[in-house]
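To begin, one chain is listed below as C-alpha cells, in the form predicted alone.
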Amino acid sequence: MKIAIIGAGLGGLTFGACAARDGHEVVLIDKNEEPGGVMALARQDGFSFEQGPLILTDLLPEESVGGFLKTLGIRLETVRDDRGVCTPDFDLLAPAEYAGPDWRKKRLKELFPQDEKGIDEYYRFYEALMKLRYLGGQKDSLLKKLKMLAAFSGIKKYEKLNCKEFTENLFSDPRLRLVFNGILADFCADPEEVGCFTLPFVNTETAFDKRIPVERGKNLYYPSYRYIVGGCQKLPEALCGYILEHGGTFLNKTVVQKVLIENGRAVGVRLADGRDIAANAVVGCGSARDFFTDAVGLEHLDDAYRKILNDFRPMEAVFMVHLGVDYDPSAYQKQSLCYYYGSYDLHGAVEKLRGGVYHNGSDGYLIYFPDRHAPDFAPQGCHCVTIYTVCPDRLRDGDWASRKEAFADDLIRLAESRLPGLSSHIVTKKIVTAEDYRAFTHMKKSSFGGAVPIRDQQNPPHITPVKNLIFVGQQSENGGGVPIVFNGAVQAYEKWRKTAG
C-alpha cells in the first residue's frame, strides 16, 4: 500500500519506518528542508543547537524506543548525564563525590526536617510506581498480575488526587512541593490538572545523578536518562534514512493543502502547487485543530471527534536564546542541563502563560549545554549555551518580533548570575520565538511540547472517523515527549494495520 505522511517529525517518521519495514511505499511530505520537526537543528555562524534540552528515556536496547530501533538495525550511541534543580532558596545538584542512590531524599530531609514523614511516604509511593512500570514491561502471567495488584494496593488511596492535593497532603512547606511539581511548568500544566501518579515519572531519581544504577540485579529497572551522542537529530535522520533505503520518498520544502477524501476514505493529498498524490492511507501530524479544520474538513468527522478537537488543551510556546560562546561555561554549571526555578506559585505562573503574560524569565528558566554530547556543534575553542523558558504563544501586550531582543537580554542577564562573564563571551546569538516556531512547525498556535497532560483529557485519537486517515505526533499523546510520541506512533501503526483495507 502507498502511505502519504504529512509532516516528517518524529511521529510521522516513526509511523513511516513501521510501514516501510512491512513493505509499504512511504511518501514523506514536509515544508522544511530537513526531517525531524523540532528535533532538527538550529544553525548559525558555525554553531549548531538543539531545539531544547533533549535528555531522553527509553533509548537503551532493553527499553521501548531503543528496542524498536534495534529491530530496524538502527544503533544510536548514547551517554548519561545529570539534571540539576535550583530554587530561590536551595540547590539540588549531584554531589562531587557519589553519595548513593538516595542522596536527594537525604538532602531533602536535611532541608525540611519537619516533613521527614512525608518525604519517606513520597519515596515509598515513587518505588511502588517504579515497580509497576517495571512489571508492566514483563510477560503476562498470573504472578505478574498478583505482583502488580500488590504494588498498586499500597498507593491506591492516592489514585484520585491531583499533584497539588498529593504534595499538600505530604509536605507542609511550599518550597518542598516545588521540588516535585516544578517540572510540570515545562508542560505548561497547573498542578491541579495533573494526576499525582505522573510525578514519579517526571522526577525519576536516575535523571539527577548519572551514577545511580538503573539496574536491580541483572535487570534494567529504572528509566535511564540519556543524550544521543552527536545530537538528537541523529534519531530522525536514522528513521528517514531507513525509510529511503526501503523505497520511500522524502518531498521536502513541500506543503500539503488538502487531504483527498472519497466516500469517507482518505485517497491521497493535494499539494500547494496543485499536484495530487494518490495514496491508500494518509497520516497527519502537527496541530490537530489546524490539520482537521484546514486539510481534512470538520464535516468529515463525527461529533465525538469534533468535541475532542474542541476540548483538548495544547501546551503553550517556548522562548529560546541560543548562544555561541568563546569560554567554557561548564566551569560554573557542572550539569549539561539545569532548571532554575524562580517562583513557588506554579498555579499563578501557568495562569499568566495562558493569559498572554510573559514572565521575562523570572518564574524560571533552564540552561543547557548541547555540545557536551555533540562536540562538533561548536567551533574549536567555543561552546554552545541554550537558555530556554516556557512562554505564551501570543503576548497580551506587543508582539514577539518587536520585543524579542529585550526579552533575550533579560534571559542572558538572569543566566549570567549562574554563568559569570557570559555576556562578554558571546560570539553569536540566535533568538527563537513562538512566532518562529509557528512558521517552522506550520501551526497557527505554537505548541512546542504537544498537549498538556491533564487528567482524563482525551487527545485526538490515532484512528479517525475517516477510513485510512491516521493522526500521530505530540498532540495525539497526553504529555508529549520523545518516547511518548515514538511509542504512540508505533501503536498507531499497529492499530491501523489491523483495520486497513
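Just count from 1 along the sequence shown to find any residue number. The term rigid core refers to the maximal set of C-alpha atoms that superpose within 1.5 Å between the two forms. Bear in mind that the values here come from a model prediction, so they are computed numbers and not experimental data.
There is another form of this protein, the form predicted in complex with a small molecule, and it is not shown here; the text below is about that form.
Enquirer: Is there a heavy atom of residue 278 lying 4.5 Å or less from a heavy atom of the small molecule in the model of the complex?
Expert: Judged by the heavy-atom cut-off of 4.5 Å, residue 278 is well away from the small molecule in the model of the complex.
Enquirer: Does residue 460 reach the small molecule in the model of the complex, with heavy atoms at most 4.5 Å apart?
Expert: So residue 460 does not count as contacting the small molecule.
Enquirer: Just checking whether residue 32 would be counted as a contact of the small molecule in the model of the complex - the rule being heavy atoms within 4.5 angstroms.
Expert: It does: once the small molecule is placed as it appears in the model of the complex, residue 32 has a heavy atom within 4.5 Å of it.
Enquirer: Residue-level question: is residue 293 within 4.5 Å of the small molecule in the model of the complex, judged on heavy atoms?
Expert: Because no heavy atom of residue 293 falls inside 4.5 Å of the small molecule in the model of the complex, the answer is no.
Enquirer: Taking 254, 481 and 485 together, does each of them reach the small molecule in the model of the complex with some heavy atom inside 4.5 Å?
Expert: Yes, all three are in contact.
Enquirer: 432, 466, 27, 56: which sits within 4.5 Å of the small molecule in the model of the complex by any heavy atom?
Expert: When the small molecule is considered in the model of the complex, the option within 4.5 Å is 56.
Enquirer: Mind telling me which stretch in 41-49, 60-68, 452-460, 438-446 gets its heavy atoms within 4.5 Å of the small molecule in the model of the complex?
Expert: Among the listed stretches, the partner-contacting one is 438-446.
Enquirer: Please determine whether the C-alpha atom of residue 478 is displaced by 2 Å or more between the shown form and the other one following superposition on the rigid core.
Expert: The answer is yes, as the C-alpha of residue 478 shifts between the shown form and the other one by 2 Å or more after core alignment.
Enquirer: At a change of 3 Å or more, would you call the C-alpha separation of residue 345 and residue 479 in the model of the complex closer or farther than in the form supplied?
Expert: Compared with the shown chain, residue 345-residue 479 is farther in the model of the complex.
Enquirer: Since the Cα-Cα distance for residue 479 and residue 163 shifts by 3 angstroms or more in the model of the complex, is it a contraction (closer) or an expansion (farther)?
Expert: The answer is farther, because the C-alphas of residue 479 and residue 163 separate from each other in the model of the complex by 3 Å or more.
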